[in-house]
Every structure is written in C-alpha cells, then in structure tokens.
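In the form predicted on its own, a lone chain appears below as structure tokens.
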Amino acid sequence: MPNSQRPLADCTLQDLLPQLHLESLDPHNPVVVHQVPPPWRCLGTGNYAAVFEHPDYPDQVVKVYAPGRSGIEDEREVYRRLGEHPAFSRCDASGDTFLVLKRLHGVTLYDCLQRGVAIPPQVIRDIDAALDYARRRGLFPHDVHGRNVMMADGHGLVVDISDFLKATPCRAWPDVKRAYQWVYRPLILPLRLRVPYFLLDGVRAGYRLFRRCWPRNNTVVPVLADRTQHSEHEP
C-alpha cells in the first residue's frame, strides 16, 4: 500500500521507529539524533523529543520522545484541552513514544532575528491571544520563548506546548515582550540588523543565569531566544 494511503501513525510504527536512533544525553540540552531512515527527515530537536517529516505527508509531522524522557502523556493532555485553535498545532494520533501533529509552517522569532526578518506587532498580539486562550482552557503557558513561537504570513503561532501543565510561574514570554519593546523595536527593527546565533546564544546564557540568581527580579533586559532547537517548519 502506498504511504499516502496509510495513516502516518502506521507509517511511524512500521518504518520510522524500528530504524530511528535518538537519545537524550543531557536533560538541559536538545536530544541527539544519530540515525533517521530515508526518506524521513529530522526537522528539529528539543530537550524532550525530536520532530520528523515524511515527504508523503506534507500536512503532518511526528514528534518522537527520546528514550527515558517523560512528558508525552502531559503533552497529549494539553492538546486535548486546546482542541482547535489557529495558533496551535493539533494532535491527530499518538503512540507510546510519539505524537502525530498538524504541521505548522513559519519561521521562529529566533531565526527572524538571525535573518533580519521584520517581526510586526501583530505577531506578538496573536501569541498573547493564544496564550490567553490556553489559560481559559485550564492551562499554564510555560517556557514560551523565541524558539517556541513562529511567524507565518504576519501572524504568530505557538510551537511548543509540552510544558503547559506546569503551574509554576514562568517569566519567559513577558520577558520576550520586554525585549521586543525595549530592544527590538527601537534598535534592531529600524536597521534590519541580523543578530548572529553566537550572540543570541550568549544573551540566552546570561538571561538564564540572571533568572536563576534573581528569579523574582523583573527589571532584566530579556531575550527572544532559547537553546531549544526548532526548525522553521515545526509544529
């Protein structure tokens, strides 16, 4: 049977997982993908899982959790609560270690900074509205940063919702908005500056250190990026 006539979950179980080799070497860094069977392709990695595409399924992707990493049950529950919303992906199917997700196309804000692509205010407003919607669904937006949100056709999308059951306070998105107002709009946007990745990562490291040392201080000049690696075509 041609792949296009099989559900992507079946293709994942039969073709991807038996030949896939990925592992989590450090819980604070992205998982490492050692082997991917063709024609599958890895789109991006995060601290819990990696995301893969198959050319026969252009509207879906598969998120596979690394061995030993928990959280798939929580992520499945988050998608259940979110239901249908234009700024979020959707879980179409799942297995013990993977989720089949609606594919979102766009460019992360992190990559927009690196490429010099303008980020309009509407993107920020859309993400704010999406996070408010999530709160109304009994969720707690957590770890929302420049790698976990995208821009598509001038609108904002939220890529990663895996930590939305964590009720602990998180300053990530409010700090991103401060960076947008205080640094991006007056300095970076008018000059269309391209911020190199090494500089973004350096600011990210300093920001994380500051938050660990002074978690309640709200006067920090924040960042738009985080270490988690996401592709521009990732859910």
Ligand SMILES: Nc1ncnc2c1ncn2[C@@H]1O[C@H](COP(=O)(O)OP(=O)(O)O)[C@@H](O)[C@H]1O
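No experiment lies behind these values; they were computed from the predicted model shown. Numbering starts at 1 and runs along the sequence shown.
We do not show the form predicted in complex with this ligand, though everything after this point is about it.
Is there a heavy atom of L43 no more than 4.5 Å from a heavy atom of this ligand in the predicted complex?
Contact with this ligand, yes.
Indicate whether V51 is a 4.5 Å heavy atom neighbour of this ligand in the predicted complex.
Although this ligand is absent here, V51 would touch it in the predicted complex, with heavy atoms inside 4.5 Å.
Could you tell me if H85 has a non-hydrogen atom within 4.5 Å of this ligand in the predicted complex?
No, H85 stays farther than 4.5 Å from this ligand in the predicted complex.
Do I127 and this ligand come within 4.5 Å of each other in the predicted complex, heavy atoms counted?
No, no contact at 4.5 Å.
Of these, L113, V78, L131, V159, which has a heavy atom no more than 4.5 Å from this ligand in the predicted complex?
When this ligand is considered in the predicted complex, the option within 4.5 Å is V159.
Counting only non-hydrogen atoms, choose the one of 171 to 179, 33 to 41, 56 to 64, 190 to 198 that falls within 4.5 Å of this ligand in the predicted complex.
This holds for exactly one stretch, 56 to 64.
With the partner left out here, which residues of 92 to 112 have a non-hydrogen atom within 4.5 Å of this ligand in the predicted complex?
Stretch hits, in order: L101, K102, R103, L104, T108.
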